[in-house]
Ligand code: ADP
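So this first bit is one chain, no partners, the form predicted alone, shown in structure tokens.
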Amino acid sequence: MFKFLGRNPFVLFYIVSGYILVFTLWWGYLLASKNEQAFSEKVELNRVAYEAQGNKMKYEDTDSYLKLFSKYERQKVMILGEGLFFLILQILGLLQVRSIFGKEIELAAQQRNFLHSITHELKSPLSSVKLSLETMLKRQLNPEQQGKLINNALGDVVRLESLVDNILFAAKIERDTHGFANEEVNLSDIVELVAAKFRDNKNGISIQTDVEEGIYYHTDQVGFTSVVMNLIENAIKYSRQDTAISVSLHQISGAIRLEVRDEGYGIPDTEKTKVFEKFYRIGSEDTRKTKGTGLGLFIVKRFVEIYKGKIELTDNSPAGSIFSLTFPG
């Protein structure tokens, strides 16, 4: 039984909640019954005393009975009103507890997923670097083979560096919204440089750019670079092989608009708001094949919020997703 409750944490909550509500209704019923019983006993005692005095008028027609009945009605209304108010408060409180409990369970699951994915993300490149170095030590390789292994190792080191930077930046962007630079940055150059970095990818995905030259904006250069990298990297992860990713940057009516389009699997409508939550990743951690930590889109959203911008996620046609970021002029 305890194993069953462990697998279904809400079962115990529902049992306790049901007991509390039934217990409240039962006590409300008992209180109303006691009030009615007390009224009946008082009426009977007063009737006996009234008739013993030789009065011929029916007791229920006397002022004494009417006052007693009026008091009984007021008490009945009071019990009903206070009982309903208390019941509503209980229901609202239980719903609030259910919501908080659910969020805590969801956060715990996301943190477990994060630890699972971060372990894999760290172990994979480290193993690759170790293998490259061991191969170079144990075997006599020609310069071309050595160069290939070195390039592979450097690529894994860059991947590790990007992962660590993302984790540190996510921690910074969550706790400190005032520690970002506000300098004039050439956004056009940043977008072109970041896009060029991803053009040589293993999935044969082409990176196409449509960047207006000479777009400057007062922002944090490191932060904006991280935003562009995370958007393109996310698009690559969820794109099919040999498709295209389009990255555009334009200034429209004073506002700056960055857009990343992919031709991947798309994001269900039910997930469109959740993908920006910290640690959140689409699908199950046990069946998911894409790499990542669930921090990329969280960083993007927080950065846009800090600079009073707007982010939109829509479907691409015929397939894929469009991430649109707009910064005020």
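Nothing here was measured: the structure is a model prediction, and the numbers come from that model. Just count from 1 along the sequence shown to find any residue number.
One more form of this protein, predicted in complex with ligand ADP, exists but is not displayed; see below.
Trainee: Please identify the residue among 159, 172, 237, 257 with any heavy atom within 4.5 Å of ligand ADP in the predicted complex.
Mentor: So the residue touching ligand ADP in the predicted complex, by this definition, is 237.
Trainee: Where does ligand ADP sit in the predicted complex: which of 184-192, 148-156, 237-245, 212-220, heavy atoms within 4.5 Å?
Mentor: Result for this chain: 237-245.
Trainee: So, in the predicted complex, is residue 59 in contact with ligand ADP at a 4.5 angstroms heavy atom limit?
Mentor: The answer is no: residue 59 has no heavy atom within 4.5 Å of ligand ADP.
Trainee: Applying a 4.5 Å heavy atom distance criterion, does residue 304 contact ligand ADP in the predicted complex?
Mentor: Outside the cut-off, so no.
Trainee: Any of the heavy atoms of residue 282 lying within 4.5 Å of ligand ADP in the predicted complex?
Mentor: Residue 282: contacts ligand ADP in the predicted complex.
Trainee: Just checking whether residue 28 would be counted as a contact of ligand ADP in the predicted complex - the rule being heavy atoms within 4.5 angstroms.
Mentor: Close contact is absent here: in the predicted complex, residue 28 is far from ligand ADP, nothing within 4.5 Å, heavy atoms only.
Trainee: In sequence order, which positions of 260-278 have a non-hydrogen atom within 4.5 Å of ligand ADP in the predicted complex?
Mentor: Heavy-atom contacts to ligand ADP in the predicted complex: 262, 266, 267, 275.
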